[in-house]
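Both blocks below hold the same protein chain, though in two forms, and each is given as C-alpha cells: structure 1 and structure 2.
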Structure 1
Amino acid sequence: MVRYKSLAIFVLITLFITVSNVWASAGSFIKKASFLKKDKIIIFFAGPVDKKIVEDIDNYYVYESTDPDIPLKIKGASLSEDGKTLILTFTEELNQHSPHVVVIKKLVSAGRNLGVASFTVRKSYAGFLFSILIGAMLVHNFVFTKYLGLCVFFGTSKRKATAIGMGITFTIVMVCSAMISWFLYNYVLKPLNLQFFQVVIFIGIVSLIVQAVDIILRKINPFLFKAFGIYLMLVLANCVILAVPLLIVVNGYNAIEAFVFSLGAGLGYFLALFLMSSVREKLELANVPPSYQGLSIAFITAGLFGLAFMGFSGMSIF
C-alpha cells in the first residue's frame, strides 16, 4: 500500500514538473509583444515557429484584462519569412489604454511542442503618463482649445512678469486642488455614494487653497499680490480649476495620473499666459488702429493662437 502511494506521488510530481517546464518554455519563448497601429499586435519569438499553426486564428484567445469573458475577434495572423515575428490583425480598433491578454493555445518550434503561451500586451506606462501630460498641456490646452479661464487669462497677460507669477500660482492651486479633490472623491464621496456633492466639495477645496495663497502672497510678495488684484479672487470660481478634478473623475485616473494631468493643465495655462503676455507687450509698440486697441486686438491675438494650437489636434503620443 505504501509502495502504491509513493508511486502515485512520484507520478504527480513528474507531471507537475513536465507541465511547469512546458508553460515556462512557452512563456519564455515570447521575447516581446506590443501594440502596432490601432488594430494590430506584434509578437516577437525567440526562434522560428510553425507557420501553419501560428497563422490559424482559432489558435488564439485575446481579451482585455478587464473583460476576460469577451474575446476579441481576430481578422488575420501574418508570420514573417524568418518565422520570428507575428502580426495579429483585429476586426476592430483596440483600446490601447487597457492591457490585453493574448493566449496562444499551441506553440510549435523546430518540431517541439511548447504548449500554451499566455502573455500581456500593454503600453509603456511612462509613455502613457507623458501622453497625459502633453495632452493636457498642448493637444487639449484649456485656454486655446477649450476656451476656459479667459477672464483671468486676459486680465493678467498684459505684462510678462505678472503672467509668469499668475501661471505659477495657477499651476500650484490646480495641482493641490486636484489631488485633494481626487483623495476626497475616492476615499470619502465614492464609498458613501455622495458623488452628487462633488461640484460643491471641489469648489470648497479650491476656495480654501486660493485663500491660503492669498495670505501667503500678502506676506511674501506684496507687489505681485497687488499686480494680481481682483483676478486672484476670480481663481476661486475659475472654470479651469473646477474642470480639472471633474475630468479626472470622468477619466478614472489614479493618483499618479491625476497629478500628471493637473500638472499638464497648469503648465498649459502657464504657457498660454506667457505667450499672450509676450505678444501683448510688443503690441503696445505696434501701430494698432484705435478701434482695435485694448481687448479687441487681444481677442484677435488669442484667436490666432487658438488656430495655431488646432495643429496639435489629433496628435497621438505613445
Structure 2
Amino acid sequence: MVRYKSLAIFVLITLFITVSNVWASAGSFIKKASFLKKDKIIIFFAGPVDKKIVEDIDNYYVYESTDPDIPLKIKGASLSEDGKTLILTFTEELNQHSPHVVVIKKLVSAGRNLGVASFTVRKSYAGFLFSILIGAMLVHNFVFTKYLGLCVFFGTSKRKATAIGMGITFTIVMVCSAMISWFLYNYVLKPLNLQFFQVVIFIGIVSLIVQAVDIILRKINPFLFKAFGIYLMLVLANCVILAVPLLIVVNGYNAIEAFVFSLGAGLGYFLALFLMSSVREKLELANVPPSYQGLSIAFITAGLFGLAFMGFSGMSIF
C-alpha cells in the first residue's frame, strides 16, 4: 500500500505547484501582466495612467527574452475606462512558451512621471509542465491514440494484478531510460553530429537498464524480483520505451520537460493497462461468439476505448 500512498502524495504536490503558481511581474507600479488570447498582453496598473502617452505604440519595446534584438511589432494599445488596464495587441501570434520582456519607455500617472518600466511576462512554467504530463497521459495516450506498445499491452492486460505489476515496472524503466537517453543525446551525440545513432543508443540504454535492474533487484529484494522480474524483459519489446526518447528529441524538450513527459507516458500506459484489464476480467464471464473469443474481442474493446479517448483530442490545458 506504500506505493499508492507515495503516488497520491506526488499527485498532490503537482497539483499544489500548479495551483499556487504566481504570475511573475516587475516594477512596483505594474501590478500584474499576462498573456491574453494568442496575440495580446494585458497589463494591470496600480493606479490610473495617462491615456495619451500610454496609447502611443512607439512608447513600447517588446521582445522575447531569448532574442532581445528583435522587437515585436505592436498593432495597437488600448486603455480601459478607469485607466488601470492596458491591452497590447501584436501583429503576429506570440510564442507564449518563452518569456517576453516589455519595456514601457514613459509612464505618467496623475501628473507624476514614473519613468521607464520594464517587466517580464511569462506563462506559468508549472502549468506548461502539467499540460505536458496530462498530454502524454490522456490527450495523446500512447496506447489508445498513438497505437504503440500493443503487443505487451494485450499480453499483460488479462489480470488486474499483472496489469499493475507491468505498469509500475514500465513507468520506472521508462523514466530512467528517457533521462539517460536525453543526457546522452544532448551532450554526446549532438555535439559530435552523430544523431543517426539515436536508435542504437536509445535501445542500448533501455536494454542496459533492464539488465541492471534485473541483476540488482535479484540480489536486493528477491520478493520484489519474483513479482516484477518477468515483466522486465517485456519492457524491452515495447514500442513506447523507444518512442518516448525519440519524441523527446523531436519536440526538443529540456531535462525537466523530458522527465515529465516520460512520467506521463509511463502513467498513461499504466492507466490504459488498468482500464483494459478491468474490462477483460469482466469479459471472461460474457457470452462471446466462439470465433471472437480471446484476442479478437480484446481488440474490439480496445477500439472502443480508442474511440472514447478520441474525445480528449484537441483538449488543451493552460
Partner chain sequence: MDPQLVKIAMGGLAVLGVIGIVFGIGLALAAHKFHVEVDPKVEAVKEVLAGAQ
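Computed from a predicted structure; not experimentally measured. Residue 1 is the first residue of structure 1, and the numbers go on in sequence order from there. The term rigid core refers to the most C-alpha atoms you can superpose between the two forms while keeping them within 1.5 Å.
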Discussion item. Deciding between structure 1 and structure 2, tell me which is the form predicted alone.
Written reply: 1
Discussion item. Taking the rigid core as the reference frame, tell me whether residue 274 has a CA displacement of 2 angstroms or more between the two structures.
Written reply: no
Worksheet item: 2 Å or more on the CA of residue 54 between the two structures, with the rigid core superposed, yes or no?
Response: yes
Worksheet item: Superposing on the rigid core, do we see a C-alpha displacement of 2 Å or more at residue 182 between the two structures?
Response: no
Discussion item. Keeping the rigid core superposed, can you check how far the CA atom of residue 106 moves between the two structures, in angstrom?
Written reply: 3.3
Worksheet item: What's the distance in angstrom the Cα of residue 69 travels between the two structures, core superposed?
Response: 4.2
